[in-house]
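What follows is one chain in structure tokens, specifically the form predicted alone.
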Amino acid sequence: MARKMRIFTWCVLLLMIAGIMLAGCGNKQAANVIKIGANQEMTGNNATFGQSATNGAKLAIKEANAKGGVIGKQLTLIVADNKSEPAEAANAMQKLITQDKVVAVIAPIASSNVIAAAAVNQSNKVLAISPTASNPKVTVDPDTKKVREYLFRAAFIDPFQGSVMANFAGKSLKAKTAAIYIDNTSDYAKGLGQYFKETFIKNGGQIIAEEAYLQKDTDFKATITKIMAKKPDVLFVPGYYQEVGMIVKQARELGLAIPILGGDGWDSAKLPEIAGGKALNNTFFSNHYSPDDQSAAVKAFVTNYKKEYNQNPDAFAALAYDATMMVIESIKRANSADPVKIRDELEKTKNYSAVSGKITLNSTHDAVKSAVIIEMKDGKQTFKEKVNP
């Protein structure tokens, strides 16, 4: 009996020693890894956006690790699905920061989702940088009028994007009147509609119809008929691809032949599938980059992305790649994985040569950069023109 007890005791001791050794190895492995989070729309209404953005972020991480990582450590991307819902975006942010212990977060695509999650990363002092969220409220609290210290973006903001499309409507398309049809549940759409309207009127144009729909609506014909009765020169629809595709399809079926304009929320391979390639002729939208751009940075990115994913990268992939690389560069400059030090370095970003152009972060943490106008031709995106800030 005593011999059995001694054997049992030795076995317990050996197991404890093995556990300690494994824990030590695990801690050592954890110490050699820097975690970056991705709070993305992997499912839900904006799923193609989040999936593209995640691919772009993963490519940036892979390339950085292939070059030896950052400050002697490898990077890893932890993805949380916000399901294209504001409440879920807040939950995803909480998980990434408090459970997964990330040092920075590639924030959601949609402005409403970034704003919903803002309090979480702000209170935990962990930066979040959205690849594309363009509503001014993302980085400046509308109640306090103060800059959100730990929120940034790699995209231009709606006042610029809205004015770009208003100028294009008036100057390039010679439009004198316009109708606006917005998603009334989206901060993004409402902001773009507001800034388009202000600039179009300032340029001497007239807004003769303003209508709204709700996300997940499917029948737009009654409202389109009302708009058609006003006979505008152009129709501005600053929504996301899911509803936009149905609006364009139904508008063309009703005989609306005028140019239809939009913003970067149109940028999805699903758009031609929903609307139909022919229906999208004579439509234009603002975007952050074009894969047809002949710059060396764009060519290299497109080649590497296609090699990795066997598809052409959209703007969401490009901007998420840029946002992730901006975080990586900030870690290098900080020479630290401390979230506050990384934030401080990111804030200093000036003339960063990104895929989507040179990026400078201004005093409100917004990217100052150029935009492009994309024209749809038989379901294909074609580069129309570039607009500098």
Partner chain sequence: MDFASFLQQLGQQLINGISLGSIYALIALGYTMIYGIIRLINFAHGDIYMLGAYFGYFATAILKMSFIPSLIIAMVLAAITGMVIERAAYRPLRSAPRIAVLITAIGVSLFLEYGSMLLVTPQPRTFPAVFPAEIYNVGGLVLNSQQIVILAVSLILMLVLNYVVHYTKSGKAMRAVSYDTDAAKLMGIDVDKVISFTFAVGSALAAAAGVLVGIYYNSIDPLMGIMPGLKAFVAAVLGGIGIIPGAMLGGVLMGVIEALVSGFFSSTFRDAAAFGILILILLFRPSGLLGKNVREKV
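We call the rigid core the largest set of C-alpha positions that still match within 1.5 Å between the two forms. Just so it is clear, the structure is predicted and the values come from calculations on it, not from any experiment. Positions refer to the first chain, counted from 1.
The discussion below concerns the form predicted in complex with the partner chain, not included here.
* One stretch from 310-318, 201-209, 126-134, 163-171 that, in the model of the complex, holds residues within 4.5 Å of the partner chain by heavy atom -> Selected range: 310-318.
* Asked: Each of T43, Q51 and Y241 near the partner chain in the model of the complex, meaning some heavy atom within 4.5 Å?
  -> All of them do, each having a heavy atom within 4.5 Å of the partner.
* To do: May I ask you to state whether K249 is within 4.5 Å of the partner chain in the model of the complex, using heavy atom distances?
  => Yes, contact at 4.5 Å.
* Hey, in the model of the complex, does I274 get a heavy atom within 4.5 angstroms of the partner chain? -> Looking in the model of the complex, residue contacts with the partner chain include I274, since a heavy atom lies within 4.5 Å.
* To do: Indicate whether T223 is a 4.5 Å heavy atom neighbour of the partner chain in the model of the complex.
  => Yes, T223 lies within 4.5 Å of the partner chain in the model of the complex.
* To do: Would you please decide whether A47 lies within 4.5 angstroms of the partner chain in the model of the complex, comparing each non-hydrogen atom pair?
  => The answer is yes: A47 has a heavy atom within 4.5 Å of the partner chain.
* To do: Consider the chain as shown here, without its partner, and state which of K306, K299, K146, K216 has a heavy atom within 4.5 Å of the partner chain in the model of the complex.
  => For this set of options, the contacting one is K216.
* Which residues within 160-196 place at least one heavy atom within 4.5 Å of the partner chain in the model of the complex? -> Residue within 4.5 Å: N184, and no other.
* Asked: Taking the rigid core as reference, does P142 move its C-alpha 2 Å or further between the shown form and the other one?
  -> It does not, since the P142 C-alpha is displaced less than 2 Å between the shown form and the other one after the core fit.
* Asked: When the two forms are laid on each other by their rigid core, does K278 show a Cα shift of 2 Å or more between the shown form and the other one?
  -> Yes, its C-alpha moves 2 Å or more.
* To do: Using a superposition on the rigid core, decide whether the Cα position of I157 changes by 2 angstroms or more between the shown form and the other one.
  => No, the C-alpha moves less than 2 Å.
* Relative to what we see here, could you say if G245 and N312 have their Cα atoms closer or farther apart in the model of the complex, with a change of 3 Å or more? => Compared with this form, G245 and N312 lie closer in the model of the complex.
* Compared with this form, is the D81-D267 Cα separation smaller or larger in the model of the complex, the difference being 3 Å or more? -> Distance between the C-alphas of D81 and D267: longer in the model of the complex, by 3 Å or more.
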